[in-house]
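So this first bit is one chain, no partners, the form predicted alone, shown in structure tokens.
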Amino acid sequence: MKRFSGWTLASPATLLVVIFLVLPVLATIATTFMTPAGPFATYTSFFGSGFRRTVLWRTIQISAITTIISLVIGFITAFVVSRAPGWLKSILIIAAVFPLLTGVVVRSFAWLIILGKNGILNSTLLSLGLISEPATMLYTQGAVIVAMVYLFVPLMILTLAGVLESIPDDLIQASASLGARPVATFMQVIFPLAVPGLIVGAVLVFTGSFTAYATPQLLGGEAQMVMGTLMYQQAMVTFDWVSASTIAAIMVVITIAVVLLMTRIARRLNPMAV
């Protein structure tokens, strides 16, 4: 009876998700198989293009690098936050969440001011005599990665802070009292218990980076085109909706594959994590 009542309560939300999310996505993917040239013609055309393969690889590369850097920075920061005193912890969490209060476009524009040829960073380096002329920082892969890390590190911190905070101090102290060195305590106690947060954070950052549009468009431009900007170009510039749907379908498949891969890794690292 309880199980039936649970399904009854969840059915309105489930119905809305199916109608407004699942069905439109399935309809978009279905159009890619209904071309006169054949069911897989659009995918053959996509992977047969060297330019589009380069865009796909660049997107995966940027997303992977962003995820790794965000994991490292987010884990260290979240560990410090989780071990801070109560009053300081609140301040640190507010500081981590504060960038999320502004929009993605606003934060990306801030990096235009920082990385531009007449921007803050170039002006500082010139004044210090470290460079003789302004360096080209915008419209590079590095600029996109730096901005993406800035965008997604707060999410990683929030995801990991709760997980690390739930690890009892007594457990860490017991490991140390039994003779385990800090590295061994981290690898055998802290890291396995943090695996669920690491996996969730990695999935959030990778999928967010992989599907991003505004930041790569503003800081990467045409030179650093990614799947999101390519899809927009196909849909809104050339009005090739079938090609845009094909790109969307590929992005959906890769996103699902990444989620399944992360889940598998979590089970291998810690069978109790998932």
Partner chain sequence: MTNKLHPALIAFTVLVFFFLVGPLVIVIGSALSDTTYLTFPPQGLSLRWFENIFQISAFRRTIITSLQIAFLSTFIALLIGIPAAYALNRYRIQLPGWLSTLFILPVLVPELVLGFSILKNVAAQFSAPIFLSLVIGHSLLVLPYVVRVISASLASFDFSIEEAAISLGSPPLKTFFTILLPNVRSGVIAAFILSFITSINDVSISIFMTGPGISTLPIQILAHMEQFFDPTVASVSVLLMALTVAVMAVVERTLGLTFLAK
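If you're wondering where the values come from, they're calculated on a predicted model, not measured in any experiment. Positions refer to the first chain, counted from 1. Here, rigid core means the biggest group of C-alpha atoms that superpose within 1.5 Å across both forms.
What comes next is about the form predicted in complex with the partner chain, which does not appear here.
Is the partner chain in the predicted complex close enough to 18, 231 and 252 that every residue in that trio has a heavy atom within 4.5 angstroms of it? Result yes, every residue of the spot touches the partner chain.
Looking at 73, 184, 174, 200, which is the one with a non-hydrogen atom within 4.5 Å of the partner chain in the predicted complex? Contact check passes for 73.
Does at least one non-hydrogen atom of residue 85 fall within 4.5 angstroms of the partner chain in the predicted complex? Close contact exists here: in the predicted complex, residue 85 approaches the partner chain to within 4.5 Å, heavy atoms only.
Does the partner chain get within 4.5 angstroms of any non-hydrogen atom of residue 154 in the predicted complex? Contact check for residue 154: yes, within 4.5 Å of the partner chain in the predicted complex.
Decide whether residue 42 counts as a contact residue for the partner chain in the predicted complex under a heavy atom distance cut-off of 4.5 Å. Close contact is absent here: in the predicted complex, residue 42 is far from the partner chain, nothing within 4.5 Å, heavy atoms only.
Give a yes/no on whether residue 169 approaches the partner chain to within 4.5 Å in the predicted complex, heavy atoms considered. Yes, residue 169 sits close enough to the partner chain in the predicted complex that at least one of its heavy atoms falls within 4.5 Å.
Determine the residues of 22 to 43 with a heavy atom within 4.5 Å of the partner chain in the predicted complex and present them in sequence order; the list may be empty. Heavy-atom contacts within 4.5 Å come from 22, 24, 25, 27, 28, 31.
Establish whether a shift of 2 Å or more occurs at the C-alpha of residue 16 between the shown form and the other one, with the two forms superposed on the rigid core. Where the cores coincide, residue 16 still shows a C-alpha shift between the shown form and the other one that is 2 Å or more.
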